[in-house]
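First, one chain by itself in structure tokens, the form predicted alone.
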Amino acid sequence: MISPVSDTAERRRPLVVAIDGPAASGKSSTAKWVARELGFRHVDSGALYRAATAATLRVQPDSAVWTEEMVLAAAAAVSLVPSDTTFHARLAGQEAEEELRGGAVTSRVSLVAKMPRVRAWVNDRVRAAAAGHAVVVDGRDMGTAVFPQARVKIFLVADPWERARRRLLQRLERLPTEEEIAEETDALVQRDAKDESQTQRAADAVLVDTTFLTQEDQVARIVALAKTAMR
């Protein structure tokens, strides 16, 4: 939603488009596309959570003994490196996208995201990355805790079955079976329950249900909202 603007100075600030939503709702892919359409930079907060998780796994594979202090210490190896269009999460200065998106990280990232001090660490780095730039940010808390004054806030949702189908299409690069979708749906529903307190819709966010939308359509809706806010 386009939040009220109190004065001209507020309008002159670089625009922040904040996109929130549950896991596998298409936040990152949509945010990247919206950023390209607008000529903004994309900031993916989820990549920071994943990077912190991967860094901790390198130090201690047994997540049952992880503490906030351990995760934050490991996260010192994480950096955000800017490019023309986005920021890339690095581990010890090296690209590690495959590691960040692997099953070991995916199954543990919710544990890390629940840690208040880790959340504060991620939010601080997202704000720093966005400082002075027009950005599209996605992840957890973007329209609530991180950018509560963002003029454009979006909350993406989709039916769990459809979210599971899309995730498997991307992961497997083939049509998934009904059984595979059912298993992935169960995993997403469990993830939603774990993430519920960390994935809240801002009161002034526009709800976009993408279950029956193409990605092109949902991107067009968000771009139109952003362009209206820039007038």
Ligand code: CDP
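Residues carry their position along the shown sequence, with the first being 1. The model shown is predicted, which means the values in this text are computed figures rather than measured ones.
Omitted from view is the form predicted together with ligand CDP, to which the following refers.
Figure note: of the listed segments 49 to 57, 62 to 70, 32 to 40, 175 to 183, the one touching ligand CDP in the model of the complex, with heavy atoms no more than 4.5 Å away, is 49 to 57. Although the partner is absent here, Q190 sits far enough away that none of its heavy atoms falls within 4.5 Å of ligand CDP in the model of the complex.
Ligand CDP in the model of the complex is not approached by S79, whose heavy atoms all lie more than 4.5 angstroms from it.
Although the partner is absent here, R90 is not a contact residue: none of its heavy atoms lies within 4.5 angstroms of ligand CDP in the model of the complex. At the 4.5 Å threshold, heavy atoms of G139 reach ligand CDP in the model of the complex. Along 179 to 210, residues R191, D195, Q198 each place a heavy atom within 4.5 Å of ligand CDP in the model of the complex.
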